[in-house]
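A single chain, nothing else alongside it, follows as structure tokens in the form predicted on its own.
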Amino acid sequence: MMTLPIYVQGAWFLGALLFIFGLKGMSSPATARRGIVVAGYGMLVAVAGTFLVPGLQNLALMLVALVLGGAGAWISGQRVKMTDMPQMVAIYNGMGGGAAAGIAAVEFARGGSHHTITVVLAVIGALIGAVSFTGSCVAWAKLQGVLKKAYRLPAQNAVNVVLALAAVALGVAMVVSAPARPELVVGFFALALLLGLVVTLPIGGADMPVVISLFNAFTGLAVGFEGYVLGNPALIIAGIVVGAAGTLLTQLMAKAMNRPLSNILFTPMVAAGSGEAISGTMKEVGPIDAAAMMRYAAKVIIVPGYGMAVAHAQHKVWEMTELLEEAGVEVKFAIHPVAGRMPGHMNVLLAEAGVPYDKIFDLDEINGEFGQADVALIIGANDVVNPTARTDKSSPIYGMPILNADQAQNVIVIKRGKGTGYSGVENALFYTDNCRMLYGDAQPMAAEIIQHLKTMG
């Protein structure tokens, strides 16, 4: 491998530093926007440095690809709704994994390096990149509503293991026989792509935030491995940083659900049996009564869920919050780690509406305050406030840490209907004596509450 000019190495080093500083900025909502911008500049510097590599070929094709990809990303980024951001993240993440697999495929096609370590890393990067690509495509289809249910094969786990072992076996054969024969390469990629599909299809919406995070880690690792194959330090550093961050996030998300990652991948969350009997009845409340309960409360805790996102209600919810605060009511927002369809989904929506960061609290910070709250207002959330997770050992969500909304003096639930959450488990909270149901889409219901609050003075 030739020694690269100092200006190329310097550009890549600077790009890598900017990636790291950008990721550091993304660790806090207050600095996340700046972190994204810094990481973007890092990518710009790294790409510019790549164009300065001596003897680089296909410059015209590279420029065309950059223009097409950049224009497509700019247009889609401008048009995408905030509620559709999870599926956009999923598909972009899949593109990264697919690109890493594509790099490996090109290297295999032209013979590539015969160095054993290089070939091994190329095979590993290709395997996890291909799995991330097809798995992320399935995640996108589920979030977009193209796939409306989970599909599980007979002996699903056995099929997963057989496909994985077969892909690994072909990968080993490619290393041993390097340069690998074309039919071996094709078979390997076919199995890797199929593995991503088969593993992800049975996974339901309740586990989707963890799956997106996992595939993000896969993509980062794949890019890092292929960076080694290409001798590109910027790709190595960026890939490993993303892979490490994605792995940590996946562990945190799995911990938030109190489910091991193996359980999420191989034991989809589905309701089994009737579980404990739920006593009581659902009791409805009207917008005017809901407004009065919150207007004359001392403390209100709002729990947003995916129903708020679907209804585009975050702006109305913040307007309602401002009216309550003007009346002297203390209002806080409680966010469960897996609320929504991707990590941090609710935080992003609330930030878009202008909710200050110091009013948004995660589960550990806010859970002890529900007992002192006069009203817990739940907007489109379900499983993350289900007390069944504490009591019913037969429930698929048993042991999952939940927001203690049931401990508030009064609970108001804005919900479109009487259906269950992603897990398919009936929510015992909705039947308790202190809970009232306000049926309807979150945005018009919040708008009605706002009108009543204005008349209460």
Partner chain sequence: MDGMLALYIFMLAAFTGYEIIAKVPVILHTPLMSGSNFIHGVVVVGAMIALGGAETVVEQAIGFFAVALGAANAAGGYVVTERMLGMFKKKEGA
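What you see is a predicted model, and the numbers here were worked out from it, not measured in a lab. The term rigid core refers to the most C-alpha atoms you can superpose between the two forms while keeping them within 1.5 Å. Positions refer to the first chain, counted from 1.
This next part talks about the form predicted in complex with the partner chain, which is not shown.
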### Task
Go through 321-329, 175-183, 213-221, 286-294 and give me the stretch that gets within 4.5 Å of the partner chain in the predicted complex, heavy atoms only.
213-221
### Query
Is the partner chain close enough to Tyr306, Ile397 and Phe430 in the predicted complex that each of the three has a heavy atom within 4.5 Å of it?
no
### Task
Go through Val199, Val119, Ile103, Ala311 and name the one with a heavy atom inside 4.5 Å of the partner chain in the predicted complex.
Ile103
### Task
State the residue from Leu193, Met282, Ala166, Leu230 whose non-hydrogen atoms include one within 4.5 Å of the partner chain in the predicted complex.
Leu230
### Task
Report yes if any heavy atom of Ala238 sits within 4.5 Å of a heavy atom of the partner chain in the predicted complex; otherwise report no.
yes
### Query
Taking 4.5 angstroms as the cut-off for heavy atoms, does Gly98 touch the partner chain in the predicted complex?
yes
### Query
Closest heavy atom of Thr391 to the partner chain in the predicted complex, within 4.5 Å or not?
no
### Query
Is there a heavy atom of Pro29 lying 4.5 Å or less from a heavy atom of the partner chain in the predicted complex?
yes
### Task
Scan 32-59 and write down, in order along the chain, each residue with a heavy atom lying within 4.5 Å of the partner chain in the predicted complex.
Ala32, Arg33, Ile36, Val37, Ala39, Gly40, Met43, Ala46, Val47, Thr50, Phe51, Gly55, Leu56, Gln57, Asn58
### Message
I want to check Tyr439: does it shift between this form and the one not shown by 2 Å or more at the Cα, with the core superposed?
### Response
no
